[in-house]
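The form predicted on its own is given below as one chain in structure tokens.
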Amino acid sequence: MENRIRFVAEVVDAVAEAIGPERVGLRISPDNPVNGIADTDADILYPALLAHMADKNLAYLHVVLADPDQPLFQRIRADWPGTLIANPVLGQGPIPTDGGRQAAERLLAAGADLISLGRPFLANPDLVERLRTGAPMNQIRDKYLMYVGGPTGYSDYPTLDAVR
């Protein structure tokens, strides 16, 4: 495992040395298959990585696609002594009508300190107000447009004020 975590560990160590650990965060995505690549040993890999990182006093650890029911998320929370940001699993379909609020609250109850909501925030620039008031959510029009240049599909979603 030392060789598997070495690159991340060396980069984090070098950046923390250069700018201070309180200005460095680490984002991980255990068990998140991307481009056909999947972790087959996430239950061993991530605890080993966190064992190396736990005493670095980093600003935060950000877990992508966090599921509070998964033992690995529970282990990450138990092993990580600092601020934990969790991004809930919302799927690739429509944004939930609650904007991800229930999933976020479950993660907070499981020990997350902060929640990140990517797609709901992109489609709803006033997401906090929508969550607070129970207003309807904008849906992503074309997820491809979120990752290309220009405002279309990235920063052109209407606010509640614009549709009232």
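Just count from 1 along the sequence shown to find any residue number. On a predicted model such as this, the values are computed, not experimentally measured, just so you know.
A second form of this protein, the form predicted together with a small molecule, is not displayed here; the remarks below concern that form.
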*Would the small molecule be touched by all three of F7, R23 and N57 in the predicted complex, meaning a heavy atom each within 4.5 Å?*
no
*Just one of A42, V128, V64, L114 has a heavy atom within 4.5 Å of the small molecule in the predicted complex. Which one?*
V64
*Using a 4.5 Å heavy atom cut-off, indicate which stretch of 43 to 51, 128 to 136, 101 to 109, 115 to 123 touches the small molecule in the predicted complex.*
115 to 123
*Tell me, yes or no, whether V11 is in contact with the small molecule in the predicted complex, where a contact means a heavy atom of each within 4.5 Å.*
no
*Although the small molecule is absent from this view, report whether L72 comes within 4.5 Å of it in the predicted complex, heavy atoms only.*
no
*Report yes if any heavy atom of I85 sits within 4.5 Å of a heavy atom of the small molecule in the predicted complex; otherwise report no.*
no
_Partner proximity in the predicted complex: I76 to the small molecule, non-hydrogen atom cutoff 4.5 Å_ = no
